[in-house]
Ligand SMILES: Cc1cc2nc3c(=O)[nH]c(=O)nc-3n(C[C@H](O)[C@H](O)[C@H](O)COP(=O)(O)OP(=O)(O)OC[C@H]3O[C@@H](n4cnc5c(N)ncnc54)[C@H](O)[C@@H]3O)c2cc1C
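In C-alpha cells, the next block holds one chain alone, the form predicted on its own.
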C-alpha cells in the first residue's frame, strides 16, 4: 500500500511571521514538505535598523572602515537562514515571487520557475509608501532594510567628510512615528561623534523631525507621546508637528502649511504599505493595500491560503480597530497559522485568532527608552535594558542559545558608542 503524499506548505517571506510559521511547522510536523521562499539568504531584525543607521565605527576623516567591520555591523541584524533552519528538514529557496496562481495552486518565481503547494502562507511584509508626494522617492532614503540602514549611515558620514568646517549640515527625518523617533534619537549621538571626528561645530549641525499629525508617535498614549517629545527636544532635535510634506526638491522640503526646510539628507520613515504583490492578485479582497483575512487568518475567499503580518488586514472587533502591524503581531499570527495548517491537514476545527494588545518600548538615543507595559509608562535606562532583553529573547527563540547570545552581544558592542554624556 502506497504512503499518502506529504502535504506541501510554501511560505513566502522570511520576516518575523514567515520564520515563525516555518519553525513551528518544522518542529511540530517534521513529516511535512515545507518550502520557505525569500529574496535574501538572511532574516532581518528590523527593530535594530535605527542602530545600524547611526552606528559609530572606528574611523577617522581619512581612513576607510575595514570591510570586515561593515560585514560585522550588517551581521548584527541579518541572521543567515541556514543558521535558523539548520536542524530542520526544510527547503530554503532564494528567489523573488512574480505572481500567484490560486486556481492551479502554484507560485511563480523569477525565471518563470513554478512551485505547487497544498497550503500557502503569504508573509512578504511591507514596503515604503511615498503617498505620491512629488519627487520624494527620488530625493530621500528609506529605512526598510539593513542595506537601507547602511546607506543612511554611509551617506551621513560622507556629508561630514565633504562639508567644510563652518558649513551647515541639515538632516531631516520625515515622519515622527515609532521608527522616525527611534532614528532621530540615535542620530543625535552619531552626529555629535562625527562632529568631533571631522572637527565640525555641533551648533552648525541641525537634526529635524517633520510630522503631519499634531503629536509624535500617533497611536501611543499621551504620556508616551509627551515623554518622547520632551526627550527629543532635550537632545536638540527640532520638531515640526502639523506639517504635512507636499513636495520635495533635490535639497529642499516643502510642507502644508507653508514651511520650507533645506536638507543635505532626507530620511523617509512615515509611510508603509503591504508588499506590491498584493496589487497583482486576482479574486481576493483587499483593504488599505492589505489582504482581508477571516478569523482564522485565511485570505478571503480562499480556504488554503493564509496571510500574516503586515500583509494582512485583520480587524480587532473587541477594540474596533485594525490590528497593529508590529513584529509582536506578526509572530503571534504566525503561531496561530502554523496550528491551523496542522488542524486542516488533520481535518480538525480551526482556531480563531484573538489579537493581543502589543507592548512596546521606544529607544530614544543612548541608553534611554520610553515604554508602556500593562498601562505603566517606563522611562530611562531600565526601559532601554528591557528593550535589549526583548531582543535577546527573540534571538533565542530562533537560534541556538549560544549563537543567540553571540549575536546579541555583537549588536551591543556597536550600539553604545555614541556621544550622549551630557543628557544621560
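Residue numbers count along the first chain shown, from 1. All values derive from a computational prediction rather than experimental measurement.
Not on display, but discussed next: the form predicted in complex with the named molecule.
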| query | finding |
| --- | --- |
| In the model of the complex, segment of 255 to 263, 213 to 221, 190 to 198, 139 to 147 with a heavy atom within 4.5 Å of the named molecule | 139 to 147 |
| 4.5 Å heavy atom contact, residue 15 and the named molecule in the model of the complex | yes |
| Interface membership of residue 330, the named molecule in the model of the complex, 4.5 Å heavy atom rule | yes |
| Interface membership of residue 125, the named molecule in the model of the complex, 4.5 Å heavy atom rule | yes |
| Proximity of residue 96 to the named molecule in the model of the complex, heavy atoms at 4.5 Å | yes |
| Non-hydrogen atom within 4.5 Å of the named molecule in the model of the complex for each of 46, 275 and 325 | yes |
| Residues in 163 to 202 close to the named molecule in the model of the complex, defined by a heavy atom within 4.5 Å, in order | 179, 182 |
